[in-house]
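Next up is one chain by itself, shown in structure tokens, the form predicted on its own.
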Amino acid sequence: MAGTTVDTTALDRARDVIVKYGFIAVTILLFIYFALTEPAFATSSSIFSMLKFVSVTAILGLGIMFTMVVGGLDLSIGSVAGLAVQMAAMTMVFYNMTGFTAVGVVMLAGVLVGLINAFLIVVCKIPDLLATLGMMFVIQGAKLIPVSGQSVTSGMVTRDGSEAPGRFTEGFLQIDRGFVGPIPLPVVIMLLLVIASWFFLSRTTWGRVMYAIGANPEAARLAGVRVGFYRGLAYVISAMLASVGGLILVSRIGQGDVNAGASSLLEAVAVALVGRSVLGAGKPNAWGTLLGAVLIAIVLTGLTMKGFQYYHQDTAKGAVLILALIFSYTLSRKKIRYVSAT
């Protein structure tokens, strides 16, 4: 009996070590493998390009993380990023306004979408997934109406037959193309948002209250917490982060692509779920979300350098997501209790 107890304890400890450090170990091992087999992989330019490429996914993952913290999930985040792309392009190309104005319009649109999501979830009592799913479809269709389903580009012909008077300003394009020293500006923006998100959730009363709501909304309500306010706040923050990601994306592609953001939802969910598994946290967190984005970037960049076709990438992202779920729900001994607050 004593031997069995010792063996069980040893297995539990081994499992805890795997859960706590497994994803970090996998990330490091993959980086070493690709660095040894592909010399160009570990160069500074390649690393910065990899981080720049994944910055949009990481920022959207932070938005998903905030809604997961309060026990929800924002399915509209990819559509909001696509809306940001379209709104920025229309502001500059159709209405010939400055890039600064376009940033303001995009952020206001993001806040508006977040408030609508909050209204549907908190006031109308619609479950989070259903409310944001409906908003996703509304945005996907509504953003195409003003442009008749066309991508917005400089010099395009508008519906009245005239040529669009504006263009993407050089200053706006620097959102993606600019640098702070040797570091690409999108990487700097990503890191600042990760730090701000970590500080907000871990070092402020508001963040701790949001975690408490995600763990047990009824207990939080009985303790006098304004559950509806904090849940609504999470969806406004999510939409704002999606808008920031959209701004980086549109400055990268240089046009209002109607398909922009279409694949962003699943990637954002994947990195947020990876974040939940890192260091055995058992809860959504900013640094884990960043690691999830970096892990996906390493996998996709490494596969690309090895000559794999683009259609292998979805399989790789799916495998990372399944691995995250195994760490969170199968191996972890923590009771992960995130329930809907409706």
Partner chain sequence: ACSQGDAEGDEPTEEGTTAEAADSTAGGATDEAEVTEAAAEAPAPFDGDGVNIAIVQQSGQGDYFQQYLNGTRQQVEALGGELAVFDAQGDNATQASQLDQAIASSPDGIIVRHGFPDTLCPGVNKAIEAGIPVIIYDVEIQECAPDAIQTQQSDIEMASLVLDQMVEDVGSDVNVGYVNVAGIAPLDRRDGVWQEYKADNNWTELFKTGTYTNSSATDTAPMVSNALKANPDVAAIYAPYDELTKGTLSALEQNPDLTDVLVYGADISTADIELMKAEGSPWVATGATDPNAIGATVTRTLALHMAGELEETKVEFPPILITADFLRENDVNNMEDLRAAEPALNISDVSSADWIPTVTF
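Residue numbers count along the first chain shown, from 1. The shown structure was predicted, so the numbers you read here are calculated from the model rather than taken from an experiment. For clarity, a rigid core is taken as the largest C-alpha set superposing within 1.5 Å between two forms.
The following text describes the form predicted in complex with its partner chain, which does not appear among the structures shown.
**Q** Look at the stretches 232-240, 98-106, 188-196, 257-265 and give the one with heavy atoms within 4.5 Å of its partner chain in the model of the complex.
**A** Selected stretch: 257-265.
**Q** Using heavy atoms only and a 4.5 Å cut-off, determine which of L291, M50, V26, A35 is in contact with its partner chain in the model of the complex.
**A** If I apply the 4.5 Å criterion carefully, the residue I get is M50.
**Q** Could you confirm whether Q150 comes within 4.5 Å of its partner chain in the model of the complex, counting heavy atoms only?
**A** Residue-level check for Q150: yes, a contact with its partner chain.
**Q** Using the partner position in the model of the complex, report whether A40 sits within 4.5 Å of its partner chain, counting heavy atoms only.
**A** Yes, A40 is a contact residue.
**Q** Please tell me whether any heavy atom belonging to W287 falls inside 4.5 Å of a heavy atom of its partner chain, as the geometry stands in the model of the complex.
**A** W287 lies outside the contact set for its partner chain.
**Q** Just to confirm, S154 within 4.5 Å of its partner chain in the model of the complex by heavy atoms?
**A** Within the cut-off, so yes.
**Q** Would you mind checking 241-255 for residues with a heavy atom within 4.5 Å of its partner chain in the model of the complex?
**A** The stretch 241-255, when checked against its partner chain in the model of the complex, contributes L249, R252, I253, G254, Q255 at the 4.5 Å heavy-atom cut-off.
**Q** After the core is matched up, is the C-alpha of Q313 off by 2 Å or more between the shown form and the other one?
**A** Result for Q313: yes, a 2 Å-plus shift.
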